[in-house]
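Laid out below as structure tokens are two forms of one and the same protein chain, each shown alone and named structure 1 and structure 2.
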Structure 1
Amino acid sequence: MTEKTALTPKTHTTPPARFSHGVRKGNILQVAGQVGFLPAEPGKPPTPAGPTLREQTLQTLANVEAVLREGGAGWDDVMMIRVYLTDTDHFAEMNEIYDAYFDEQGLTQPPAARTTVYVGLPAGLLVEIDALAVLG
């Protein structure tokens, strides 16, 4: 039996329920929905990187990447990225931030597929992102 491994970056806040920030089993790696929380600080509740879409999107992408790294993967292994925004007016700005971020990653494989939809999120959060990767 192949083991399922929980991926828990040291700086991540504790999940608010019985789920893992990411899991890997064989060559499949799934990253849970990440938001723009800063690295956890003892005794402090989870705190977003800032109120803006830019701050939150960049922190969210960093949080997704940390889970990927924890599982021995990187952006090149990612097949699908799901972006949840709260406002259709944020689409153009998110794309700009997204493209600049991935320009800096030096990918050697084609970019992942993506779906973006507009949903409700907890108060103060503007973006949530999850990812599916296939390694190897």
Structure 2
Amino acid sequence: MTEKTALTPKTHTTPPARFSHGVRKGNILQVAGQVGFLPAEPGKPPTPAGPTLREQTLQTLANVEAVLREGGAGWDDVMMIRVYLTDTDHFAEMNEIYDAYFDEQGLTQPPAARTTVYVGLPAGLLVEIDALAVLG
């Protein structure tokens, strides 16, 4: 039986409840919803990357990537990305940021993606992203 491994990169704080930033079991890695918090600083609460959608989306993608790397994966291993926005007006801008980011990463085979608009993030946070990777 393959062991399940919880993942918390050094750049992330310990989750406030019983969940992990990511979990790997065998060749499957699930990255839990990440938000645009800057890398963790001991003794300080999490801090958003900034007030703009661009700042938060780029930091959120960096946080997803940190969990992927911690689990031995990269963007090429990602099969599915789910994006959660707090405002429908952010949809077009997020798509531009997302497309440019993955162009810069050299990702030629984009993962399946789904974007949902919901309200449920802590005050000031605009975007959350999770990912499912299958390592080959």
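Please read these numbers as outputs of a predicted model, since none were measured by experiment. Residues that one form lacks are left out of the comparison. One-based numbering along structure 1's sequence throughout. Superpose the two forms; the largest set of C-alphas matching within 1.5 Å is the rigid core.
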{"property": "Structure identified as the form predicted together with a further copy of the same chain", "result": "1"}
{"property": "Rigid core superposed: G120 CA moves 2 Å or more between structures 1 and 2", "result": "yes"}
{"property": "Taking the rigid core as reference, consecutive runs of 3 or more residues that move 2 angstroms or more in Cα between structures 1 and 2", "result": "107-120"}
